[in-house]
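Here you get one chain, nothing else, as structure tokens; it is the form predicted alone.
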Amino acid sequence: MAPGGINGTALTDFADLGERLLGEVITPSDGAGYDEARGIFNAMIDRRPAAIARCRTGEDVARAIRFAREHDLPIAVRGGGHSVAGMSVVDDGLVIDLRGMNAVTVAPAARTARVGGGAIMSELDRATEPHGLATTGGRVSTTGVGGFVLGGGAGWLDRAFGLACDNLLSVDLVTAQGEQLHIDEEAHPDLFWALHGGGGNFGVATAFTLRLHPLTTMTAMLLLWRPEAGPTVVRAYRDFLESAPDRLGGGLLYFTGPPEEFVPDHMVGALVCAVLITYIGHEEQARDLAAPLLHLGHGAEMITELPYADLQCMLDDPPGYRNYWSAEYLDSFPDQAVDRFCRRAPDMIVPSPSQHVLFPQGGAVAEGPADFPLPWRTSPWIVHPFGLWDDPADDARARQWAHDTRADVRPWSHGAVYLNFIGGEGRDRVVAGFGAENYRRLAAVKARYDPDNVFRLNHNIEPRPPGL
């Protein structure tokens, strides 16, 4: 190893790379700046890359990729840094950090937005809001747009506007060879298909063009009950969603009652059962639709009209916590599944930001393009144990709660899973995220554009040419 370097890469080599970028290169010698740059959302992940290339252009990204390959360094790609498995940082490798490529340009007449590969959700939402436009975004405002869209993209608006990738019109991508491609339905159609759910397997996405939809008024309704009311509330919510219009979304969750003005003292810091209704429209309409739930005797409520960008921040998960998430996609949610779901809620860590979640699908999600490699889109229900805690002594308990929650509802599982909702759970779960036939097709695209599996720090698709 060269002095001060890794894999034969000296600090002078990284300095030379920095001279060739419009951005900058950060190494361990940069002290506090390095520690800030390598930190990600999940505090369980503590990795030390050899260097972090903070890129500002597609050419910066291409040079960083070529440099890493020349020096035999593994590559991680960072957008928002929200991968629960820590896929956006790597020990002894090069992180391609896209956060400096975060511009969002809106074309109101065309109802499109061009989004930099390092933009986060709030930057997209705040840019489109003045134009009365929006597209399906993640449920956390600090989520990176890139990883979210490439993985499929489920959020509060998906029942009305489809998944994020359903609204993906084009991608600028830098390949493993450092080639810069513009990809759409006509240019590289095989890769365009693969980028609708295939994740970061095929290159570094430096820009996206997304379809936007008219959106001026949102209503949010958060209703809280004591946990013992859970089985009744969950059944009512399940039945309510069966006939709810597509412009109504949200979810049901058990979580720790927050210290907000609308929450009574006996619920603050305690386990509560909550229904969140998100509605594209005015409060009066939302109240009429939600009447079956409003009559269930909830103990606290927050009902308001608000901008969509503000809704996106409403349940933001705070950084700095240890994270473990998983998910099970269900074909049905009968009473027995309801009971198992509710009984498992007290096993989560309380007080903490953890959430024991039930999300609905349907609407434009189920009706969206059937050809994309997203076999989970037809499932009407998602059980999503979402663990966040701060004490390492609770690691095993939090993981066990997530595994037990999945096991409880597995008899009704579809078998497929949205990979953005899980960490590293093995190859079988990766294949389940795409479906076996889609996986084979994706592997052939991977073999064409990344035959050496350079982009492997992800829910990895192993390159395999057709017929092999």
Ligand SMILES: Cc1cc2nc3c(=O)[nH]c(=O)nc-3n(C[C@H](O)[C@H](O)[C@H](O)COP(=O)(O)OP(=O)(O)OC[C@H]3O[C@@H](n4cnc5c(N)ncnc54)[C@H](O)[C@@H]3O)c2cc1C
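Since this is a predicted model, take the numbers as computed values, not measurements. One rule holds for the numbers: they count along the sequence shown, beginning at 1.
Not pictured, yet referred to below: the form predicted in complex with the named molecule.
Residue heavy atoms within 4.5 Å of the named molecule in the model of the complex occur in exactly one stretch of 226-234, 254-262, 389-397, 73-81, and that stretch is 73-81.
Heavy atoms of every residue among 150, 154 and 458 are located within 4.5 Å of the named molecule in the model of the complex.
Taking the partner from elsewhere, residue 317 is found to have a heavy atom lying within 4.5 Å of the named molecule in the model of the complex. Taking the partner from elsewhere, residue 421 is found to have a heavy atom lying within 4.5 Å of the named molecule in the model of the complex.
At least one heavy atom of residue 88 is located within 4.5 Å of the named molecule in the model of the complex.
Put simply, residue 325 is close to the named molecule in the model of the complex: some heavy atom of it is within 4.5 Å. Put simply, of 365, 204, 274, 210 only one has a heavy atom within 4.5 Å of the named molecule in the model of the complex, and it is 204.
Think of it this way: in the model of the complex, the named molecule has a heavy atom of just one of 360, 93, 144, 373 within 4.5 Å, and the residue is 144.
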